[in-house]
Every structure is written in C-alpha cells, then in structure tokens.
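Given next, in structure tokens, is a single chain: the form predicted on its own.
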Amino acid sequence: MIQHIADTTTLNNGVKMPWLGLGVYKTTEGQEVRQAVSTALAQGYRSIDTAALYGNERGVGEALKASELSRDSVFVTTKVWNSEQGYESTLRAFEDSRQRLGLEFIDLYLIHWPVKGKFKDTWNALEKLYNEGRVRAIGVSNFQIHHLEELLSQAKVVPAVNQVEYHPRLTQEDLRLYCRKHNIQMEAWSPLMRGQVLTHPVVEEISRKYGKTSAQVVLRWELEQQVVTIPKSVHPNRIAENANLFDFALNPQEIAQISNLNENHRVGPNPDDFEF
C-alpha cells in the first residue's frame, strides 16, 4: 500500500520513481511555473513532469536550484517533441532540454507521441543517451499496445514508463495489463479528466464517506491501480490538496465502482488519429 508522498515504484531497471508528481502542462514559463514547482517541493513532492513542448523547462530548473534540495532527491521527467523526433535531432533536443533545466542528467526522458516512421529512430537515440548515463530511465508517452509491440520488436531497452491519458472515464485496461505484463510502469496524464469526472455521483459518494475531495478520491484510485499520477495545478491550496492522499485507502468494491465508470472517453487526442 502506498502510504507516503515519498513512496516510490521501482522501474524495470531498478530506478525508483515517486508515485505522485506535479505536472506543469500549460503552466506559464517564469514566475508561475517557478512558484508551482517551489510550492510542490515544499509540500513534499519529489517528482516534476515537464516537456520541451510546455516551454517551461527553464523555470522548472530555476525552482529546483532555488529549493537547495539535493539533485538525487528530485525525479525530473521531460519529453522530446514530435517535430524534433529522429535520431540526430532527438540527441540535440535532449541536450537543449538538459541545458534549459540546468541539470547534469535527466531522470526520465520520454518520446512524447508515437510519430509514425520516426519513433523507432527516436528510441535508438534514447537508448544511446541511456547507455551513456545521461538519463537514468527512458520511456514513451501516448503509446498504444500496437506501438509498444512495434517498438519492442527492435528495442534493446524495454521502456521503463508509458505515460498516457488515464482517468475513471478512460481506464485503458488492456493497455494497463499489457504494460504490467511487460514491466512497463503506466503513468497518468490528465488524471482528473480536466475536472469532468469530479461531480460524478459515485465519486462524490465515496468522497463524503472519507471526508475527502473528489479529486483526492480519484487520485487515490489511480495510485491503488498501481498507476503513477501527476496532477497539474498552479494553485498552492490545490497542490497541497492533491498531495493529501496517504491517510485513507479505498476498498476493493470502491475501486471497482470507480473503474466501472469507464466509457473509453478521451479529453485529449487519440494517439492513432493525432495529426503530427
């Protein structure tokens, strides 16, 4: 059972990754992202998820430096964007991200989307970065089972993580089980479905039982599904609230009730239809 904000999952290469992190998608570069990251670190978060696309890597790095936390105590994820995929361009993109973050190494580097005809060359670049020790773990984002199968047919390193849209309306159970079978840690982006799932009667009823918010119940459900979660907020009270997940646990019936809300409904793009 996950009982503390500092609790970690062990990735398939032995690297430990916190179960809970702060996502900074659409968080503005500069003061806003610096404040959000600083608040999260003060609340005990030890994982920050950014991406080249987000345009805020520099601010994330500045907040990390200002925190004076040791480098090995904070897990930092970033991602290569679609327009930079390919072998040589990915190596350049990684170095650009690393410099913006001001870090000697990245904890987790992800392929942001499975760009057809490019993601295997991109993966070869990630394997090079991993083998050189410039990144501690490598993974993918928004990969469906068929993308993973295509990648695994040639990969020398099995992805450590697959970060996908995941919430009670989109449980992707086949993908979750596939990742578990292949020892790929699933991670949820948009874990609260942009707030759309929080007023569902099932979620509200469970939240009343535990004296918790609907958001806390949904995030706890994700953790109990063994899915890493990275809720996004720039509001200090929400950042604190989203971390207050470790003094209660859902029973199997409640976990099933929430899982049964699935409708295969996405709030983000479908990886098979996304215009790259």
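Predicted, not measured: the structure shown is a model, and the values here were computed from it. So that there is no doubt, residue numbering starts at 1 and follows the sequence shown.
A second form of this protein, the form predicted together with a small molecule, is not displayed here; the remarks below concern that form.
Novice: Which of these stretches, 66-74, 22-30, 204-212, 247-255, has heavy atoms within 4.5 Å of the small molecule in the model of the complex?
Specialist: It is 22-30 that comes within 4.5 Å of the partner.
Novice: Check for me whether the small molecule, as it appears in the model of the complex, comes within 4.5 angstroms of all of N183, Q225 and N262 - heavy atoms only.
Specialist: Judged in the model of the complex, none of N183, Q225 and N262 sits within 4.5 Å of the small molecule.
Novice: Going by a heavy atom distance of 4.5 Å, is G139 a contact of the small molecule in the model of the complex?
Specialist: No.
Novice: I'd like to know whether Y130 contacts the small molecule in the model of the complex, with contact meaning heavy atoms within 4.5 angstroms.
Specialist: No, Y130 is distant from the partner.
Novice: Contact between L101 and the small molecule in the model of the complex at 4.5 Å, heavy atoms?
Specialist: It does not: once the small molecule is placed as it appears in the model of the complex, L101 has no heavy atom within 4.5 Å of it.
Novice: Give a yes or no for G59: in the model of the complex, does one of its heavy atoms lie within 4.5 Å of a heavy atom belonging to the small molecule?
Specialist: Contact with the small molecule, no.
Novice: Among the candidate residues L192, L148, V115, A125, which is the single one with a non-hydrogen atom no more than 4.5 Å from the small molecule in the model of the complex?
Specialist: Of the listed residues, the single hit is L192.
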